[in-house]
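As a starting point, one isolated chain is supplied in structure tokens, in the form predicted alone.
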Amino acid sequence: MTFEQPACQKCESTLISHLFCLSCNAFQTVPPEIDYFEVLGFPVCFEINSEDLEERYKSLSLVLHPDFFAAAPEEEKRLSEKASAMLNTAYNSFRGTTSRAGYLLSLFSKGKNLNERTLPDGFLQEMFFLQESLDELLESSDSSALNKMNEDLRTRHKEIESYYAPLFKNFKDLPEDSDILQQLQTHLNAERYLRRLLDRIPATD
């Protein structure tokens, strides 16, 4: 996938986002296959600077929000609501490391048969053990032990997320290597298990 900056369909100025032209304030005709990178105007890449993401989202939100089109014709109101919803969805998907990895994997894996249930060796047995341990800690209300488990699981969660960037970099160099995509899918599966355990641990002040 290559990064192309399209031209406005009305004034032909270079667009930041495929949704709207900041030069002539014109909504664009959005193709049904538009992806989140085109919505936010970023190249197709896993590593996105969080500050750049926040700045891009805020600048586009200011011009696309339906409140600014309250007195506009009905068609512009509809386009504003649609564009704003797409922008919010794209932004929320890119904010989280795992959600961004999952979305990018969905783009790269089209037409490929990945096993969506694989887990690292020994991982499932480990999760069963941790689940039983968590059940016991929740029943005993041992806040100190729960905090320790929470810290350990979060450390493990960050470890899993650390695999995404190098794997996507490897795939960029070897785009025909489906094994890299399968490794990504496996780590995403493991992240979901860890997230379920973390969600069960009560928040502490």
Partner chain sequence: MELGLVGAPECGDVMKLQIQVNPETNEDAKFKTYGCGSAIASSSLLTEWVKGRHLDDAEQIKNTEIAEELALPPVKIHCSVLAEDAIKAAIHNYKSRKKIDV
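Positions refer to the first chain, counted from 1. Please read these numbers as outputs of a predicted model, since none were measured by experiment.
Beyond the structure shown, there is the form predicted in complex with its partner chain, which is absent from this document and is the topic of what follows.
One residue of 113, 99, 125, 106 in contact with its partner chain, assessed in the model of the complex (non-hydrogen atom, 4.5 angstroms): So the residue touching its partner chain in the model of the complex, by this definition, is 125.
Partner-proximal stretch of 156 to 164, 176 to 184, 37 to 45, 132 to 140 relative to its partner chain in the model of the complex, 4.5 angstroms, heavy atom: Only one stretch qualifies here: 132 to 140.
Distance check, residue 192 to its partner chain in the model of the complex, heavy atom within 4.5 Å: Residue 192: contacts its partner chain in the model of the complex.
Residue 196 within 4.5 Å of its partner chain in the model of the complex, heavy atoms: Output for residue 196 is yes: heavy atoms within 4.5 Å of its partner chain.
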